[in-house]
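Just the one chain here, laid out as C-alpha cells, in the form predicted on its own.
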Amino acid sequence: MKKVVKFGGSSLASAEQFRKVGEIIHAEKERRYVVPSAPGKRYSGDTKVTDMLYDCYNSASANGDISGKIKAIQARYQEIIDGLGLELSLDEQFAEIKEKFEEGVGSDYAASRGEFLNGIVMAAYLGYEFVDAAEVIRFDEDGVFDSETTNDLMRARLETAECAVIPGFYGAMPDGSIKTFSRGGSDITGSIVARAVHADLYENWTDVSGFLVTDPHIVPNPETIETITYRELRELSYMGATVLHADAIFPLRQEGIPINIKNTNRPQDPGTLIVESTCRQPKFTITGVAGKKGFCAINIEKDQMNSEIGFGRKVLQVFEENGISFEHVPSGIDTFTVIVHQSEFMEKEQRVISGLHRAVHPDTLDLESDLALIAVVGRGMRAQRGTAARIFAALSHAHINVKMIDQGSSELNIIIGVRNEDFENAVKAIYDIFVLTHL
C-alpha cells in the first residue's frame, strides 16, 4: 500500500510541529511520499515564511538592502533545524536565494523557496530522498500546468525512490524558470504525486479534523463530515467551504484515489474521507451547508417567452458580451431570472439592461440586490422524502423569506436565495433542522 501525505504550513511552523509530523509519518510505513508546505504561523500575529519571502523580494526589487530580511527568514529555518538536533546547513541555499533576489529572478521563484527549503529540512529529518519539484512538475510556454508531461516525469523519478520528500506549490517552465500554482497550491502538488505513484490514499494533514457540516463562524462547533463524494465537495467548495484547494481534486478524481483530510494536532481523529462514490450512508440527510453573500437577481418577464425559440440564449449572450458570468438561471413559463455576483454587475448594469431590452424586448425587467445564496448539499437527499419541505419549514419558523429556489435534476443540492441580512440565521436554521434534531 502507498500513501502520499501532504502537510500544511501550520503543521510545519516549528520544531515541535515537525516532531508531530515525523511521528505521524513513521507510524505507518505506507506513508512513503511527503509533500510539505512552507512554515506557517507559530502563533497569532506571527508571519508566514511565504509572506516574509514576498516582502524580501519586493525590497530587493526596489533596490533595498535585504541582508536583514534574509537573515530573519534563515533564522526561522535555523530554529527548526536546531530544535530537531539536525546537522544541516542552509547557508549555501540562502546565499543563492539572496543573489537571485537581487538579480530580479521573479516573484514565483521567491514564493517557492519556502517549500523548497522546508523540503530539504523535512528530507534530512525523515531520512528520505529529496526531489526538487522543479525537476518533476512542468508548466507549458503559457504558464498552464502540463499534467501529462508532469505525470510521466514524476512517475519515472519516483519509481527509483522508495521514500521521498517533494516540496509543494511550484514547478518549472520549459526554460527551467520557477512557476508556482495559486496560493495554497501545495494541495495540488500532493494530488499530482498521488496520481503519479498510483497511491492508495492521499492524506492531507492540516489544523482541522476534516470538513465541517457548516461554517464554524456561524454555527459553534459544527459536526464533522465523515465521508463526502467529490461531487458534493465540489458543490460545497464552490459556495465557499474551503479546506482543500479546489484544483487538487481533479488529478485524484481521474484515478479514483480517495483523500483523507486529517488533523496534525489530533491524529487520532478519523477526519473526512473524500471519495468518488460510496455505499456509506451519510450520518445526516444533508452532507453540508455553505453559502456566500453579494449576489443580485435580474428578473425578466415576458408573455409567451416559453414559445420564443432562443430566448434564453439571447438573454445569456448579453451577459457574455459584458463579461459577466452567471451563477443560476431559475425560470418559469413567462419569467427568466439570472443570478450574478453583484460586484461584477454593478458597474455594467445599465449596459446590461439596455442590452436585454434590445435582445428580448421584455414586458418588465427589475433588479433585486443584496442577496445571499445557500447550497444545501447531500447525496442522502435523494432517498429522503420531504427534504425541501423541511428546509422551507425551518426558514419559515426563523421568519426568513426565501427569494429564490433552484434544484438540479441530480437531487444532490438545493440552492436557496435569501437576503444578505438573513444569511447567518438561515444557515443556522437549516443546520438545526437536519443536524441538531438528529443528535
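When you see a residue number, it is the position in the sequence shown, counting from 1. This one's a predicted model, so the numbers in the text were calculated from it and none came from an experiment.
There is another form of the same protein, the form predicted in complex with aspartic acid (ASP); it is not shown, and what comes next is about it.
When you look in the predicted bound form, the only residue of Arg280, Arg313, Arg183, Arg358 with a non-hydrogen atom within 4.5 Å of aspartic acid (ASP) is Arg183. With the partner omitted here, the residue from Phe169, Phe211, Trp205, Tyr202 that has a non-hydrogen atom within 4.5 angstroms of aspartic acid (ASP) in the predicted bound form is Phe169. Put simply, Lys48 is close to aspartic acid (ASP) in the predicted bound form: some heavy atom of it is within 4.5 Å. Proximity of Val377 to aspartic acid (ASP) in the predicted bound form falls outside the 4.5 Å heavy atom cutoff. Residue contact with aspartic acid (ASP) in the predicted bound form: Ala38 places a heavy atom within 4.5 Å of it. Residues placing heavy atoms within 4.5 Å of aspartic acid (ASP) in the predicted bound form fall in a single listed stretch, namely 30-38, out of 30-38, 60-68, 399-407, 382-390. In the predicted bound form, aspartic acid (ASP) lies within 4.5 angstroms of a heavy atom of only one residue of 112-129, namely Glu115.
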